[in-house]
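What follows is a pair of forms of the same protein chain, given separately as structure tokens and numbered structure 1 and structure 2.
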Structure 1
Amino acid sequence: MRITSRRAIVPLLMVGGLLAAACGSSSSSSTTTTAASGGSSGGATVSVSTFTKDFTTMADLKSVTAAGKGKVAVILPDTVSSARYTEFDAPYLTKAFAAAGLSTSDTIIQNAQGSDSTQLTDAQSDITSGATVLVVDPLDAGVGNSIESYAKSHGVPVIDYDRLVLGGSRKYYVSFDNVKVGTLIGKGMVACVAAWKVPSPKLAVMVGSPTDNNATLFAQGYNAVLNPLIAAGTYKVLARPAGTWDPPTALTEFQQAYTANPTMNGVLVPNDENAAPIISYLKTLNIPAKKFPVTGQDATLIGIQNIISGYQCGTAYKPIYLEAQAAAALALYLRAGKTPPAGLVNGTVKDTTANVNVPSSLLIPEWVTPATVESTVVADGFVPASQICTGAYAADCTTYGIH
């Protein structure tokens, strides 16, 4: 069984029904494999390891698309918590469905702009206008459950996209291994502390929104990295703010923590958008580059620029074009009433509220540092060098061979 990223094959070992990545980090959320039942005509070659940045695999699904009916509606959460939904998810999902032969008239891609009521009314109107499958990245478990209950009552299957709706009734879940994302962030902080020679790290450890299950899983990953260091007395955690995906709120949380703990010399931040205002604030205090470690996630443009200029240690890069293709493929199988191939549904993730193992497509994230920007996000066409290397960042691009 393999789940691969484009740069490394990560053979996965079955260990007592749990998947443990051969590289030693087991996915702490209880993932076990599930063998998809029944055959699937068309696209049988499609699996999480066949998707590439040029979307060629999606053409294998044209017969599945032809066998289906109705619209596929995707509802993304917002445009503030992360630039990813505008920069990456929406364009990649659009491209994936088109490459699989779904007509634009049968493809709906919406963004709820941070409003629970909008996300629910979008789902309801999509079903009214003929959606036979919903792909939802829920703002929170509450609206996620409302959408899934409504969809179920109308016989419309739902795919949880990127965030799992705890207590929900979705058919499939598509995401990255989010505990692994957290592990990368934790290990990225530790590597940065060493590289930047931070004498005795005294950190704030921040979290995302408490209503986002991913935030819980990210924290599970990075706390598992930090806790032994804290127990050994090597690291100190001076503050653990409440948590948010709202960048201005994240800034306020950090400012309050830093003011109350002036010996603080680093902050673990779970995504690029929350890190950006914190880095801008540190600059107003004349804190120089490579002095105060900050972490991130999503490999957004602002995150990459903060990384190459020495204010952010790195970012957990999630090649969204993999997640978008996996979600689109699963949606098209559901729309055709067909069972997806086993390679596409390559694991399960436990919904700890509903106490069920959810059949899932789980993809592999990777940690990006200044030295690997060119070979990852630029090589993938994820963030073009032309956008990164503007103004003062041009010199940083020269330093790190980004072009």
Structure 2
Amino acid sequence: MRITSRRAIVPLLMVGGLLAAACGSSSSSSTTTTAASGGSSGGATVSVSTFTKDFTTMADLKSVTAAGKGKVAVILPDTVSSARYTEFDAPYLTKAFAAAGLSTSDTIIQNAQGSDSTQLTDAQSDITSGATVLVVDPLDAGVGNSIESYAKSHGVPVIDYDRLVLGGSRKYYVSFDNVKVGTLIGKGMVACVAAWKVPSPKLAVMVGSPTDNNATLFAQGYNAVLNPLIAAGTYKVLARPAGTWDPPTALTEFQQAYTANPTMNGVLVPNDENAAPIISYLKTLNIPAKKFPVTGQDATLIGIQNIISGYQCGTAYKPIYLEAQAAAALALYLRAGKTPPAGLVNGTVKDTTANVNVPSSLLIPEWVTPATVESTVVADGFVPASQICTGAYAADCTTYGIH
């Protein structure tokens, strides 16, 4: 996820099927698997594991598309918190619907530009214009609930995209396993400490916005990795700043923590864009490569460059083309009034406010290191080698076979 601001509230994952259950947290729920019925119609073989970067699986849904009526409207949140929405989500969703045979006249993809009122108005206008399914990545839980309440009163089902609204009335949820993301970050830190031979690791542990439950889920994952090491005395955590998704604020928090704890020799950071200014600051202190582990998430350009140059351990990469196809597929099944196959709805997520398990399509993130940049983000076209391998990074690209 190339996401730097997560204001929505997302509850605890209860992951089934292909996803591994998160462990080690007292707030964890038991693992469940959603066994969706139906699937005898077209596209019965479609599952979270059949989507590929060439979108060929979507063609299997043409009969489902043909059986549906009305428009599918997608409302994305903004263009500020993350570049992903314009660079990836919108074009991937457009491509997925087209590959499944949905006409452009029946496809609506919008961006609320950071405005709650715009997002709600878009949803209302879309329904008036004939949308029979909404796919919404809500700016926050408040507007998410307003949209879902309005849609429900008009008989229009909603799919929560990337962010689940607590207390909402959506039909399905599509996202990556956010606890797994945090687990990858925690394991990435541990592997990096070992590979870089960092003695007696003493860390700062950063978090995202304290009002964002995605950040809470990331923390659940990496704390499950770190806590046993801390309890054993192998690792120490010297600081846990308040948390933010704003990079300048993250830098200030880190500088304060580092000044107060000068023996610190690593920092767990939950995303690349918060990590970037911290790494730049460490460079001003003449800390060399592969001496001060820093983690990340989102596979941003600067994150990848920091990884191959030895200043960042790795990044949790979430291939958005998988998420977009899963959302499009679910929308087409809803549009046709059909039950999606069990392989597409492969787990549940707990809405702790409504106290219900939401049928979910959950995708699997990957941990990217220098050795896997070429086979992941470059091969997927997520970050082109031509952008990575500029200036001083050209030599690093040669070292790791990135081209």
Ligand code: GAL
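These figures come from a predicted structure and were not determined experimentally. Structure 1's sequence is the ruler for residue numbers, which start at 1.
**Student:** Just one question: which structure is the form predicted on its own?
**Tutor:** The form predicted on its own is the one given as structure 2; the other form is structure 1.
**Student:** Since part of the chain moves as a rigid unit against the rest between structures 1 and 2, which of I279, A123, K318, V269 is at the hinge?
**Tutor:** Domain boundary, by the fit switch, is at K318.
**Student:** How far, in degrees, does the smaller rigid part swing between structures 1 and 2?
**Tutor:** Between the forms, the smaller part turns 13 degrees against the larger.
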